[in-house]
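Next comes just one chain, in structure tokens: the form predicted on its own.
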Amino acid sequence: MDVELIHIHKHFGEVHANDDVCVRFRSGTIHGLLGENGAGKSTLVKILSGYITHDSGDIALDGKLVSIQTPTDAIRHGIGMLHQDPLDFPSLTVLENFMAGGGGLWLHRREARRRLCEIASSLNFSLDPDAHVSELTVGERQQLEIVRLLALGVQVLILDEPTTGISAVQKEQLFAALRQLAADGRTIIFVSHKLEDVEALCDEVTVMRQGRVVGSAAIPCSPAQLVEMMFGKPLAPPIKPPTAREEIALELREALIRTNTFDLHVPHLAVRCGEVLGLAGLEGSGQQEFLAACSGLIPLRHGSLRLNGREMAHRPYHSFMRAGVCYLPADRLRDGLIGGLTIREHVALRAPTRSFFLDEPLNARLTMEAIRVFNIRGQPNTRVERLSGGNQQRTQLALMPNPLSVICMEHPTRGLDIESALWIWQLLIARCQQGTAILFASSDLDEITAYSDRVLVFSGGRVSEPLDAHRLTADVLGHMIGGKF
């Protein structure tokens, strides 16, 4: 099914999210929609999938104008969307989710189970119908959502940043399935900010910037050309100078950290001031619990944890905060920011004051300073959930105290475009130069090798010895994550 969006406009208050967008997606192809955070990509595909109504413009399917006002309209026209966070019910089983999302299509469990297994098998997905969705990885939840949409008969499949938070193996499975669906004649729209994913998967790409289409190209295409279209300029990654000092910022001895399925044992680890320690491993291998323990969010089952020479094991989180430890979670809206509150209100909550009353003029100045210094694309009264992923991360960083001894971060650049990711690492490197130690987990192995001084690999309930990052490659790390220590 050919899809054409014609002169699409969409405003959110003063923000012109889609500005006269014209683009065509051809049947039987995988079409990349590329752009920086806030470029208007997600808004455009949400209009096509019925989650947002456009202000003006037309949508044509196989040359015929159609009206899409709701997701139900989109499904009726054969258009389905896989969101960044799959739409499911964690407390239900895979089969129950499949049936619940069938729009009344499934009346008998036996027939629903047969169809679920049939579609999953055709795409080489391994889904247990009786497993609870809460037990699935992000990649498996995506697979379930794709199977559900295919059962509803979609011919146009939209994927919004689908490689965020999934393993390399799951990404290979996803890409193989998408290639198969395109070969069967379906139209695949792949929304991303990752050049390497677009180059590996797509047949052609359209680039958006500041709400407008600024160019298109057939793949293969020069990465430099795509970057130039995305940002209007070439980008160079920051170079991390040596920043590690002799002083020890954080030290673990005979530490035992509990996870949901196993205990992590860390015999000894000393992280120096100014050092960057990368944590590599598949999701659920213990990196999150390790960072939480180092931040005081969960206690050690056994062992010693010292910050700047002071024993901190079993002390509460507030003691860690007073000792200069900051934790930035991967889920910015659920764990890092407060939905419904504005940037200004977040700055007010962070203000280090003992007064019961808020100094509004001072808070207004601090808010404007944070927006300026951290280049947050929003206004003081913008609610944080209205910010793009990159601007939510910039807001989290703007709220960090200064100075800090240790920063613990989960996926610091997950879901961010190239420019935002490079800018964040420039900021973090500047913190290291001040003596702050950084511990970060990432599924991007190139990010780990580029910015870490040393690396811990998590695999099968084990933690490796600290490894010199300068002697590692992404391929070596990948084998170690598979258990080959």
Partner chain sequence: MSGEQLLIVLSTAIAAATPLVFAVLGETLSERAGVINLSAEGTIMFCAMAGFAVALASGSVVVGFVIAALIGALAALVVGFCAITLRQSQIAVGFVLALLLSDLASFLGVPIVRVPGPTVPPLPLPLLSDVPLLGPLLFRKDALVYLSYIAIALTWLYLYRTRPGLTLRAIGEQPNAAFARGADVVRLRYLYVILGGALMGIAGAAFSLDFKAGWSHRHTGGYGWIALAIVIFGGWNPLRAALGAYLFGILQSLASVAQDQFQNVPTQVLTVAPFVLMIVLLVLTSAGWLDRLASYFPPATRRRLLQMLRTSPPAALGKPFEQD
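Residue numbers count along the first chain shown, from 1. All values reported here derive from a predicted model rather than from experimental measurement.
The protein also exists as the form predicted together with its partner chain; that form is not presented, and the subsequent description refers to it.
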property	result
In the model of the complex, the residue from 135, 247, 184, 311 that sits within 4.5 Å of its partner chain by heavy atoms	135
Partner-contacting position among 411, 148, 193, 394 - heavy atom within 4.5 Å of its partner chain in the model of the complex	148
Which of 216 to 224, 275 to 283, 84 to 92, 194 to 202 sits within 4.5 Å of its partner chain in the model of the complex, heavy atom basis	84 to 92
52, 97 and 128 each touching its partner chain in the model of the complex (heavy atom, 4.5 Å)	yes
4.5 angstroms heavy atom contact with its partner chain in the model of the complex for residue 139	no
Its partner chain contact at residue 374 in the model of the complex, heavy atom, 4.5 Å	no
4.5 Å heavy atom contact, residue 210 and its partner chain in the model of the complex	no
Contact flag, residue 175 vs its partner chain in the model of the complex, heavy atom cut 4.5 Å	no
In the model of the complex, residues of 359 to 397 near its partner chain [heavy atom within 4.5 Å]	none
Shift in CA distance, residue 282 and residue 84, in the model of the complex relative to the form shown here, given it is 3 Å or more	closer
Relative Cα spacing, residue 398 and residue 84, in the model of the complex - shift of 3 Å or more	farther
